[in-house]
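Next up is one chain by itself, shown in structure tokens, the form predicted on its own.
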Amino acid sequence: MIISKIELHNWKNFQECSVDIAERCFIVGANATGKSNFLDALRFLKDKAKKGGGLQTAVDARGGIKKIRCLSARKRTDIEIKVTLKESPDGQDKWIYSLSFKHIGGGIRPNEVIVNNESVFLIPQNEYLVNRTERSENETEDTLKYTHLEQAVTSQKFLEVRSTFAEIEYLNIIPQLVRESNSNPIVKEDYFGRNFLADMAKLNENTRNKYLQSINDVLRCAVPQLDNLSFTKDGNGLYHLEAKYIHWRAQGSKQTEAQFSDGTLRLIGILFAILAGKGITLLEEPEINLHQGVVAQLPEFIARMQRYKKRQVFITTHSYDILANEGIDEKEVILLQNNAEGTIAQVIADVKNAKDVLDAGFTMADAVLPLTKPGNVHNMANITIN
């Protein structure tokens, strides 16, 4: 399953947002326009649907509803996420899942949230499988603290929707956390690499070796001084990535993740996320720490992996080299821009200024990045330092 449309109301930067989504989706915008927050709406659905998750857990993990609600919220104070899903990029829309929730509690009562409305609509049958509000029969404040999506019994009729959300993958490798992973405790939910080696150890050996072979093929092109990347266990039972570093000695020398560069670890993490993930993959600024020559190849590599893995990928980026790729379509890029009422999200196919540049023969980078540049950034060089 892939997401074909996202609608947000009062979600962080977005007072109102409604955009169509492609199988490969690039999200661009200036700093603080909400690229990470856009991805976090999908992570929220994962946190709500995964084992051990749920509505209260997902909200608490983000600091409560006050930290989630858009500062531009007006008459409506509830928060809503609505997604449309289909089975394949060329298929017809099949499901619409919508959830809005609001705050209860305060004072001597604990701060919690309850469902304002939850619906699951099966488009081919034109049928609501779920459509509940606080006015629905048999609903109480206690039952509304839980969504039907997060409960095994009540989600049986739309299990593929729940599974799609639960299998969303987000990995934003912080190299230092990978290097320190053997000396730090494993955390329950890890997006930044602290559990990276432990997660690799859980894979079936044949599957892991297959992924490592593919990663090796990429590293020979991107980091030619490294060869024979492998996964090993030391005498203390700790796991390591290990590769041969080629230098003047005929046999080279072995290095582990402790000696790998930040860019190498980031690249390995990105490749592992794309290869090993089961569902929709979220990549945050994959260009960080990578040479522009490597960065320029990422869009085509992701497209090739999608043909093999059949997986939707979301990428946030500021990179000219990524967006200059000639294969990027105007329907694959979402532009985020601030205004007085929060962030506006538009598919580039609907942005006339960008379309005019593309029609003149320029690249997506030339069309989009000027629209994301802060208006007063040129004044930075003129600031007086006291």
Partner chain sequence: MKKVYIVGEDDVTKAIIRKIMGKYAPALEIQAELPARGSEIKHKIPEFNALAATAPVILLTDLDTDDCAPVTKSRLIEGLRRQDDFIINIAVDEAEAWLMADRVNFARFLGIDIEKMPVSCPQKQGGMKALTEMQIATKASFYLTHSLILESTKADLKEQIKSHGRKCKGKEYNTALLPFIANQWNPENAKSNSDSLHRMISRLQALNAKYS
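Small disclaimer: the values here were computed from a predicted structure and weren't measured. Numbering follows the first chain given and starts at 1.
As for the form predicted in complex with the partner chain, it is not shown, yet the points below apply to it.
Only one segment in the set 31-39, 349-357, 64-72, 45-53 has any non-hydrogen atom within 4.5 angstroms of the partner chain in the model of the complex, and it is 349-357. Put simply, residue 20 is far from the partner chain in the model of the complex: not one heavy atom of it is within 4.5 Å. Residue contact check for residue 361: one or more of its heavy atoms lie within 4.5 Å of the partner chain in the model of the complex.
In the model of the complex, no heavy atom of residue 332 sits within 4.5 Å of the partner chain. In the model of the complex, the partner chain sits within 4.5 Å of a heavy atom of residue 292. Shown here without the partner chain, the chain has 361, 362, 365, 366, 369, 370, 371, 373, 378, 381, 382 in 361-382 lying with a heavy atom within 4.5 Å of that partner in the model of the complex.
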